[in-house]
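There is one chain below, alone, in structure tokens, taken in the form predicted alone.
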């Protein structure tokens, strides 16, 4: 966990971690596979990534979750990435894999995306993304996994049709087991309204587990990047003072 001065610093640090993970993955296997999310903080990160020297020709992009709207819709996670990132970097179109939202049946499109992932990650019990970019909702949700939802106990499927209690109701999301096998689960959280959700995600104890806590606790490697408002009093730095804050 790292507490940083502001949202711009969070985006810059996330870009640095992305760069390290991308270069290490390409050096080891010739490809870097990342799954994106949407929201205000990733928007700042996308702008940093678009300006960075990264191995785009060896990168494949997927999505952690998506609102069930057309890809050109203002609420689409894919549309945000296309505007701020994809149109500004030399990544081959064939290496960009948005979640499908066109059949009119979320469960059908979730199954189609899972079939794609099972082809990409053939021979694996679960996908092995090098990096999954995650946010943190005020209610503790991450990706499109919401408190109390049946998807929190899913043990078999890689991609799920889910329901949001607000905003666009129908969503697609990677499941918890599909997320936590990632080389890095990178959580970004900015703003005072995220402080309580962060404490619930990492605190000990914290009552019923939030989706973010479930992912964080099971992730092979998880990193939280927060601005000082979301950190709620933790001094800027790599985890300085956070244990006492969360106890």
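Numbering follows the first chain given and starts at 1. Just so it is clear, the model here is predicted, and its values are computed rather than measured.
There is also a form predicted together with a small molecule; it is not shown, and the following applies to it.
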{"property": "Interface segment, criterion being heavy atoms within 4.5 Å of the small molecule in the predicted bound form, picked from 31 to 39, 174 to 182, 209 to 217, 52 to 60", "result": "31 to 39"}
{"property": "Answer option from 143, 160, 132, 99, heavy atom within 4.5 Å of the small molecule in the predicted bound form", "result": "143"}
{"property": "Heavy atom of residue 106 within 4.5 Å of the small molecule in the predicted bound form", "result": "no"}
{"property": "Residue contact check: residue 137 to the small molecule in the predicted bound form, 4.5 Å heavy atom", "result": "yes"}
